[in-house]
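Okay, so here's just one chain, in structure tokens, the form predicted alone.
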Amino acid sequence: MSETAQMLLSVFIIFVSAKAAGAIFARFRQPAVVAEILVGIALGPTLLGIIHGSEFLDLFAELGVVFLLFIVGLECDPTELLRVGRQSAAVAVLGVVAPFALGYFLMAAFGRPVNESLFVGTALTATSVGITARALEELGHLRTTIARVILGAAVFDDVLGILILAVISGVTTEMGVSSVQIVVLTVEAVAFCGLSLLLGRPVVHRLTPYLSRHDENAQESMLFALAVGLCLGFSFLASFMKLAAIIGAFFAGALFAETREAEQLRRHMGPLYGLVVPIFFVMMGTRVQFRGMTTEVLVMGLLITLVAVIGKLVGCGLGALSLGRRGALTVGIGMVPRGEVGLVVASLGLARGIIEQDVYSMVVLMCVVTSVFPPALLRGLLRQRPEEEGPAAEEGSAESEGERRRAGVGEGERD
């Protein structure tokens, strides 16, 4: 078989298997990302040995994660970020600080290197709110105060997590962590994020109205080309500055989030997203190696999962205490799923040689477990379908529309 034929066969097997497994999981109301990871584990060296890493597949997976973070950024309207309120900000900040600290100190207590401990802590800060949003929508709670707090906090959570990842990925190497590098990379990361929004927003806001002068087909084509071009360009700039390429992709997406063309762009990015992103998650699954995994590694994986759950329950719950104990517990559980974001962090650490294979497998286990059980717990806590909240619920109504948009993407497109 020629090399081209072999590459095409690999992509065919990965894509068809991922879509079929995702459809099956959707029938049981489980996230497609879990199905794709399990497909990767099954097809990879651990079980069937059909799919192995290659330069071509790794490039495909890299494109997948770049466009994944572009879509995440497309749901983080910078204007809405300033409007979601103090409560959502408190939930996000405490929900980032608590799991990061717990993850870091857990790994350090077991004698793991500082670099690995930092990356595990970073992986625990993430929240895949699309999983929670889908459960809230199915239960009819998407327009409640609790849902608004969760979805609003997720916006802050994404941005804070990206900033932490930018700094940690930049200052950690196989040789160690430099305190001088921490300061330099922190300044660079903040400067990159700030300048991306400060300089990029006027450009996008000037160009998108220009597109409306053309006919519909030309407008759609030019909008797609502009979005993909900025996504790849910003990814290059971030990588050139020794930040993760996905940082640039995230902020490229954020530039379009508050434009009138944002919804149109989401639709047009859907097919590209549906092609390359599942391949990324399958390839992440192929990197999990259970052969030779010791009892110690399994125990550590379960401990990381426990710390991941406790960190969000305590941190986010404390930030939402004004909603009452039950409301705070609901918010905490709603912020537990790590899903794809935790995997992105782990894969970056593994690719750079900063975390070991066993630690990567621990984080994957954590991501799978935290993505599966929260929706079931939410169904138990929110049994009754509420009436839509009226005027009393309209505080911060300017951000509610964006939050509902956020809930509708990600999981819906992936299914």
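Nothing here was measured: the structure is a model prediction, and the numbers come from that model. Numbers follow the displayed sequence, beginning with 1.
Another form, the form predicted in complex with a further copy of the same chain, is not on view; read the next lines as being about it.
This chain is drawn without a further copy of the same chain; in the predicted complex, the residue among Thr186, Ser322, Ser221, Gln289 with a heavy atom within 4.5 Å of it is Ser221.
The contact with a further copy of the same chain in the predicted complex, taken as any heavy atom within 4.5 Å, belongs to Gly233 out of Gly233, Pro209, Gly140, Gly194. Just one listed stretch, out of 355-363, 369-377, 52-60, 31-39, contacts a further copy of the same chain in the predicted complex at the 4.5 Å heavy atom level, and that stretch is 52-60. In the predicted complex, no residue of the candidate spot (Leu102, Thr294 and Arg326) has a heavy atom lying within 4.5 Å of a further copy of the same chain.
Not displayed here, a further copy of the same chain is kept clear of His205 by more than 4.5 Å at the level of heavy atoms in the predicted complex.
With a 4.5 Å cutoff on heavy atoms, Ala245 counts as touching a further copy of the same chain in the predicted complex. Proximity of Val97 to a further copy of the same chain in the predicted complex: non-hydrogen atoms within 4.5 Å are absent; the residue sits far from the partner. Under a 4.5 angstroms non-hydrogen atom cutoff, a further copy of the same chain in the predicted complex lacks Leu69 among its neighbouring residues.
Taking a 4.5 Å heavy atom cutoff to a further copy of the same chain in the predicted complex, the contacting residues in 1-27 are Met1, Ser2, Glu3, Thr4, Ala5, Met7, Leu8, Leu9, Val11, Phe12, Phe15, Val16, Lys19, Arg27.
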